[in-house]
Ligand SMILES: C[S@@+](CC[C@H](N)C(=O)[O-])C[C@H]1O[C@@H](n2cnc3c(N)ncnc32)[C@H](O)[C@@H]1O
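Taking the form predicted on its own, here's one chain by itself in structure tokens.
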């Protein structure tokens, strides 16, 4: 695997993904019963935005920096507060001291009774993940292929929780692996909450992906997308991403209404040239 998220940490896609992820975790932790967070492609855990990778490709400037420096309406500030509390302090440029990946976000938002199961197959990324998250009795970190780990992890003994499937999409058949993994996981744990992240680079391929996910026959699939408009190429992004999407299976009650409030604001803020767009819609109807 050649992908290194350090070049892209804190960009618009991270902000979108992590703001939604935080809202789901907030909802799940309202009940006292323990839950399990499962991350199939955990990455390095935290990212130094003052480090070499972020300096060479400072995508955070058009992502998290815009958010923390913006004047937020009261409703938006309330929705973003758990996410931004997990991000932690930032400097005058809007650069966090370190940007939390999804595992660090979950670590910050979950409770002592909850558990966190992480898989990261790349040895260097896994070593960084272990160092970033430190000693935490709630954590389990394995070096197994993420899809193999997911099959072993579900259903969790807590019978409550959230699964994030967030691969780098370097493999040509990655989208099909995601489809297969979701189908198998839903068969074993149909009431679990699953979040699938994807880059949207080709409209035809993405339509095929959406059709395949819908064809699984599962209800309660929520489709969220953000498009920030044209992005100038950079040294580590010759074809920079402008669109990203989430599919949320079995979203918490009220998430769609929160997304309807949050997504237009994020899109307007993060759009590069005023050409942003977003989607908040059911892919399959709720029941």
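No experiment lies behind these values; they were computed from the predicted model shown. Numbering follows the first chain given and starts at 1.
The form predicted in complex with the named molecule is left out here; the points below concern that form.
Colleague: Pick from 82, 88, 155, 168: which residue has any heavy atom within 4.5 angstroms of the named molecule in the predicted bound form?
Modeller: Checked against the cut-off, the match is 168.
Colleague: Sort through 160, 95, 138, 122 and report the residue having a heavy atom within 4.5 Å of the named molecule in the predicted bound form.
Modeller: Partner contact (heavy atom, 4.5 Å) among the options: 122.
Colleague: Quick check for you: of 239-247, 58-66, 215-223, 34-42, which stretch puts a non-hydrogen atom within 4.5 Å of the named molecule in the predicted bound form?
Modeller: Only one stretch qualifies here: 34-42.
Colleague: Thinking of 5, 146 and 164 as one candidate spot, does the named molecule come within 4.5 Å of a heavy atom in every one of them in the predicted bound form?
Modeller: Contact check passed for all of 5, 146 and 164.
Colleague: I'd like to know if residue 103 sits close to the named molecule in the predicted bound form, meaning any non-hydrogen atom pair within 4.5 angstroms.
Modeller: The answer is yes: residue 103 has a heavy atom within 4.5 Å of the named molecule.
Colleague: Give a yes/no on whether residue 17 approaches the named molecule to within 4.5 Å in the predicted bound form, heavy atoms considered.
Modeller: So residue 17 counts as contacting the named molecule.
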